[in-house]
Structure formats: C-alpha cells, structure tokens
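The chain below stands alone and is given as structure tokens, in the form predicted on its own.
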Amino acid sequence: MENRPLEYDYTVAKMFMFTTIVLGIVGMLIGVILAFQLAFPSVNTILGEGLAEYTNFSRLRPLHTDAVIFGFTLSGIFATWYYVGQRVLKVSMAESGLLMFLGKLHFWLYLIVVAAVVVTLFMGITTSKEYAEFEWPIDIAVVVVWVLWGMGLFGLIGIRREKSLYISIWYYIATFLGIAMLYLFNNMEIPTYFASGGIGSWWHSVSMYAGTNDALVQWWYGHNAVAFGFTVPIVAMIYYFLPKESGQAIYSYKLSLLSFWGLMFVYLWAGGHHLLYSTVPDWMQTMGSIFSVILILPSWGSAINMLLTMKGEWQQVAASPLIKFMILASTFYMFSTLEGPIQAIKSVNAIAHFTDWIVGHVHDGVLGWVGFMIMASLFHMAPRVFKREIYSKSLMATQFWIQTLGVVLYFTSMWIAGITQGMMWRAHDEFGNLAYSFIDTVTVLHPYYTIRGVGGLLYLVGFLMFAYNIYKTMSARPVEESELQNASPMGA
C-alpha cells in the first residue's frame, strides 16, 4: 500500500486564527484609546457626556486587559495548538469525527463567551477583581469551554502515532492544567440573589474569600495567569516554530526539560510579590520575593536555549523578518523575566509599587514577547494553512521595525515615568512633610504618557499591517506545501 503524506485538517486552527487577529485589533485599539485618555483626559468624553459612562477609562480598562489576555492571547494559543498538536503528534483531526466536533464546539462556545464578556463589561457588570471580572454565569461558561479544549487536547494525544511527546506538548498540557486550577480556585463565589432569598441582581455574586485571604488568592491567580497564559504556551510555540522556521534543532532538549520543571515549581510560589507591604504575613511576602528571584533561572534557561538554537546560523536572523520576530521575542522574554524579579525585591518594590514602571514591565513582556511570538507563529502557519505564500515579506519587515520602535518607546517612557513617580512620592522636606502633591507628579509625567500613547499607536499600526498581510495571503494563488518549503528560508 502506498504511503501518502498525512493530510492535516486546519479547519479549527483557521477559525481561531481569525479571532486572534480580530480580538488583537480590538484589544490593542482600546489600549491606545486608554493611553491617550491618560495623557489627555478630555478624550474620556470625546463622544459626548451621554456616552462617557461607557467610554471612560474605568469602563474600558478591563475590556482592554481581557481582550488582550482572554481574546488575542488565548485565541493564539488555541490556534497554534490545533496546528502544532496535529503535526507533532502525527495525527489529523479529520481522523476523528468526535475530535472535530469538539474542536468546532470549543470555538463557537468560546465566541459566545467573548460576546457575553464584551456586553457585560460595557454594562458595568463586574466582580471588580483584576483579570477575573466575569460574574458567575460567565465563569461557568468559561469552565465548559476550557473542559472542551482539554477533551480535544487529551483526545488528540490519545490517538497519536508519535510515541514521544515533544516538549511543546508538555507546555500545552501545563497551560491547560495550570489555568484550570487557578481559575476554579480564584473564582469560587456565591450568587447573592440565591443567598439573600432572591434580593438583588441574579448575576451578582460575592467571593468565598474575604479580606487578606481574598487578595492572596487573587494574586496567586493573577500572577500565575501570567505564568500559564503569557509564558508557558508561548514557550510551547517558540520551541516548535523556531526550529521549523530556521531548520535548526533545539540547542538542548535536556535544558528545555529542566526549564519546564523549574517553571512549574517556582512560578506558583511567586505571586506574593504583588502584595509586598500589605497585610499578608511577612514570611509570605518574603517567600514571594525569593521565589521571584529564583524564577530567573528557568526563565533564562528557556530563553538562552531559544537563542542558542540559532548558533552558527545568525545570518538567518538578518535574512528572515519572521526569525527576527522570534529572536527579538526571546530577547524581550529575557528582559522581562529579569525586570520582574528585580521589581519583586522589597527595597526596589518600595519605589516601584503602584507606579507606571509596573505598567512598562507588563507591556515589554506582552508586546515584545507574547505579541511578537503569536504573530510569528501565525505568519509561519498561514502559508501552510491557506496553501499560499506570504503576500509581502517586505511588509513584514516594515511591520517588525515599526512595532519594535513602538515597544521601545512604550517601556522606556514608562520606566522613566514610574521611577519618577516613586521618587517624588517618597521625597520629603527638612520638616518631614511630603515635598510634592499628587498632582505635581501627574503634571511631570504628561510628556511620558504622550510618548506611551505614540508607542502603543505604532504597535497598533504594525498589527494592522500584520492583519492586512494575512488577509492578502489568504486571497493569493494556492501553492503546494513542497513549493513553500523550497521557496525561501521562511518556508523551511
């Protein structure tokens, strides 16, 4: 019998690619609006006083964070899983009608949940817990969506032809298990309508935790949502896409395993650094700081492994804009995972906490590491999923430089703004009185807020270029995958 190459089914991967792009545009557009609202407060009411309730900073901010985290990033994770999973496990989703049904059901329920989140947050229906704003009916729907993904994930693993589980699969499994645990425990809540005998809004709820315990569970969740949403699955992506794109084997598979288990153990204990100088027990704050510093080791282990994968092949970085995205993503990962532990040191945190330096840290990681890597992954997938060559590599290169400039402007302005804030808030005169009022700091920071807005706008422009490039790729002449592999280094 003739051995034919396996035909993978990318139906569900395509669906999530579209939501990645659309929700990326929405999340980043709202982020740019927020940046300019902070720099120019009149933007809060630009659509008129009547709509100000729905367009001001406080109403839009959770929409921005949730659209980027649970929209753009999560869609990117799902899209890459439905692509990488089949190819690494050597099995097509088309071989199982049940898996294909679960994949499509996963997508459509996810889309319904996204719509519910947008509507409720615009209406002001929120638990007011950061990154966990959804009320209990949506939380239940989120759990159903997550279970569907898990069934599809383990189902595909169960029928695989490839015995060994490549390291990327380990990271996807950890993403599923980690977020499942975090989300369930942090969102334990009691609907007040039923608890109070039918009084009040039926969708409203109160947390099962109170006071300091609530804060501790919230930041155990919040910090590790970064671990299992912004770190673990993105590492899964680069461990697959960088070797495939460059034609180079991973520098050290042992180092990838060591870094994996290091991340799994250390990251979970570092969330306490969000609660330094609070009512959380001091030993717990200290533990959060210590584990945050230790976290440098597994994080840099992964990043160095990625960079050394290109050892002896650095000319590819100059030649391929796609590999540029991945290598700079790895660099920003190193950058961000050094900066975070430094901010978790108590003496540094005394200056950094509640300042814009924290905002800068979050965004050099999300824009430089997460954003670049998801876009690079979709750029690699697009020719193989749509069977068309990338529309314009020069447009991709232009996008790279525009977005890199945007990220640099963003985090440098926020570093300066944050350290300035921290120093001004602590300054006092010879009598022990505060040297500056709060409004003094706001006035000084205005230029940096403007630069931050410009940086975010440049990144959004680059993302629109990315979306256009993918759209034009979809509508180009179909080609065979063998042509793609021989066309250029980008097809390796």
Partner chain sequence: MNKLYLWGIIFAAVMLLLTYLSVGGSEGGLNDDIVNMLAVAGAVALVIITVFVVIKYVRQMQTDTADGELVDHSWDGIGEYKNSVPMGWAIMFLGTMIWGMWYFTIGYPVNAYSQIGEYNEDTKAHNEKFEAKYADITGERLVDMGESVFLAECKVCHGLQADGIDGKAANLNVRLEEKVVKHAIINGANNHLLGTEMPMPDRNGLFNANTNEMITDAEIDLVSKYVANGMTGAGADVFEGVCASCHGADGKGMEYVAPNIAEFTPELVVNVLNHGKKGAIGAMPKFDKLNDKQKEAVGAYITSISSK
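Numbering follows the first chain given and starts at 1. Fair warning: this is a prediction, and the values are worked out from it, not measured in the lab.
The form predicted in complex with its partner chain exists for this protein as well; it is not shown, and the discussion that follows is about that form.
Contact with its partner chain in the predicted bound form holds for all three of Glu162, Ile304 and Trp314, each having a heavy atom within 4.5 Å. The partner is not drawn, yet in the predicted bound form one stretch among 99 to 107, 392 to 400, 296 to 304, 365 to 373 has residues with heavy atoms inside 4.5 Å of its partner chain: 296 to 304.
Among heavy atoms of Leu29, none comes within 4.5 Å of its partner chain in the predicted bound form. In the predicted bound form, its partner chain sits beyond 4.5 Å of every heavy atom of Phe386. Using a 4.5 Å cutoff between non-hydrogen atoms, Gly229 does not count as a contact of its partner chain in the predicted bound form. Within this chain, Pro321 is remote from the site of its partner chain in the predicted bound form, having no heavy atom within 4.5 Å.
Between the options Leu111, Met151, Val118, Met334, the residue in contact with its partner chain in the predicted bound form by a heavy atom within 4.5 angstroms is Met334. Contact annotation for 410 to 430: residues with any non-hydrogen atom within 4.5 angstroms of its partner chain in the predicted bound form are Phe411, Thr412, Trp415, Ile416, Ile419, Thr420, Met423, Met424, Arg426, Ala427, His428, Asp429, Glu430, listed in sequence order.
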